[in-house]
Every structure is written in structure tokens, then in C-alpha cells.
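To begin, one chain is listed below as C-alpha cells, in the form predicted on its own.
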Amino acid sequence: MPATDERPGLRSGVRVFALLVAAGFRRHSTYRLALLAGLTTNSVFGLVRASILSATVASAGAAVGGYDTGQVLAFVWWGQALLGTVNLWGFQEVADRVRTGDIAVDFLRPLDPQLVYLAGDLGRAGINLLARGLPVLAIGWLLSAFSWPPGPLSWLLGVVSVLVAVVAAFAGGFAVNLLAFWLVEIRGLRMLYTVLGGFLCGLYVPVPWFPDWLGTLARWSPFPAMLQNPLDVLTGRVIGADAVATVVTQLAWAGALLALGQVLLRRGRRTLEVQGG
């Protein structure tokens, strides 16, 4: 498909991007029962995970993989709070639009499709953090004496790290969706990506608890940037220069995944054929 040159300038582009973020926030804020169900589920599973992981540290009699009891409880509750914010489960919308040919409409719009979908995902992340993540964190704090970030720098880097994690998770899912240009049906591939990513990102147990070979494999993948890295910063497991290096690593992975999405988007655009009247 030919590219359109009717792109907005930087100032108007930023304004449109902000409006799309707000639209994504409003769109997902309408699903109040889903937010309440997510809050309840994350709280219940948080209790289960906190019991199991804190018992593991207690039975070891000392810190495990750098986690003492307070830090492992923080790992659990921050992780549960971020489950709705960071989209680790992927999405199907872009792949469906490729399969039906509706992606052609996206190409005719004056804003890059990747930016449009990223803006919507940032809005989704915002409402999930406010309505689902923070209440889960408050419940965890009331029930468990977990450790808070050790200082203002850790709080600041933690906020940046969560934002980058949202972008990295979106970029990975977006790239997988774009494979529909060549494979058409990608549900199996999405399932594999979700299972593999959920395990390697530290969703179930901390990545430092992995065996050496599996930990090395995880660290050479982008998945820790989507959850383990912000949890490292927010639990105080990494502080100071190490925390800065962690966020820089996240930024590198997020940039690489966004660049991969751009490459796939441009190549897919050349192969796109839409039939019908």
C-alpha cells in the first residue's frame, strides 16, 4: 500500500497522542465489573503467593536469591498490583485487523499505527493502575509487612521502570500480532509467547531463583524488562547505580521491540493485499 505523507507536525502529533491516551483510559474505565473482578482475583492470588514464597524464605532460614521476607512479600504484592497495568497476556486486535484487511484503514490515517495502539494501551494501563493495581497494593500492605522502595530515587526510578515495562510489553505483543501478515492465524504463536513470557518475566517466581542456565536465558530475553526489572527497583533489590542500569536496560529492550515492530509493520504493508468492494 502507498504511504500517506499527511503526517501531523510534532506539536499536533503529541496532542493527538495525548487525546488517544485519554480515549483509551475512558474506554477501559467503562468495564467496571471487569476491574472489580481483576482486583478480587489479584488479591486472592496475592495471598496465596505471599504465603508460599514467604514460607520458602522462612524454611531456608535466610535470604533466597537476594530476597529476605520483606522483599519477597514486596515482590508478590507489587507484582500482583502490576498484573493489570502491564499487559503480559498480549492482545489479538491488531492480528484480527490484519486478517480481515481492516489494517488498511489504519495505514490511511495520519498517525503511525504503532503509536495509535501504544497510546490506547497506555490509557488502559493508567485506569488499571488506579482502579485495580493501587487497591491491590493497599490490601497487600494491610495484610503483609512488605518493604517499600528505600528512598526517593528508588520511587522515581520505579515509576519510570513501570512505564517502560508497559511500553515493552505492548511492543512485544504488537510485534507478535504483526506476524499475521505472513501467518494469518497466530493464536498458537500468541499462546506460546504468553506462556514463555510469563515464566521468563518473573511472573511466578523471581528470575534470580532460576537455575543458572535458565536465569541466563531469561536475562538474554526481553521478558524481565516487562516485570522483573520494575519489581527489582520497587522492592529495593537493586538501588542506586544498579537501579539506573536496570532502567537503562529496560529502555534498550523497549526501543529494540518498538524498532522490530516498525520493521515488521513496513514489510507487512508491502505484502498486504485487500480484496472486496
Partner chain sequence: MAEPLTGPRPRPSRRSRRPDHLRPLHPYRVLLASRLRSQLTYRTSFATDVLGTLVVGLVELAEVWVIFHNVDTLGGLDFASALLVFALSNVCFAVADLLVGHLDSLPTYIRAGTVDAFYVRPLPLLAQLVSSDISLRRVGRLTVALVALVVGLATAGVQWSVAAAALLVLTIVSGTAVFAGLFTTAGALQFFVVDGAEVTNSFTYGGSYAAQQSQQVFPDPLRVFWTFVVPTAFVAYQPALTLLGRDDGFLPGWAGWLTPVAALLTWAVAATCWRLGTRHYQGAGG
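Residue numbers count along the first chain shown, from 1. As the structure is a prediction and not an experimental result, all values here were calculated from the model.
What follows is about the form predicted together with its partner chain, which we do not show.
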Select, from the options 91 to 99, 189 to 197, 115 to 123, 166 to 174, the stretch whose residues sit within 4.5 angstroms of its partner chain in the predicted complex by heavy atom distance. 189 to 197
Tell me, yes or no, whether residue 205 is in contact with its partner chain in the predicted complex, where a contact means a heavy atom of each within 4.5 Å. yes
Considering non-hydrogen atoms and a 4.5 Å limit, does its partner chain approach residue 53 in the predicted complex? yes
Contact with its partner chain in the predicted complex for residue 217, defined as at least one heavy atom pair within 4.5 Å: yes or no? no
Is residue 236 close enough to its partner chain in the predicted complex to count, meaning some heavy atom within 4.5 Å? no
Under a 4.5 angstroms heavy atom criterion, identify the one residue in 41, 249, 221, 29 near its partner chain in the predicted complex. 41
So, a 4.5 angstroms cut-off on heavy atom distances: do all three of 78, 105 and 262 pass it with respect to its partner chain in the predicted complex? no
Where, within 104 to 142, is there a heavy atom within 4.5 Å of its partner chain in the predicted complex? Residue list please. 132
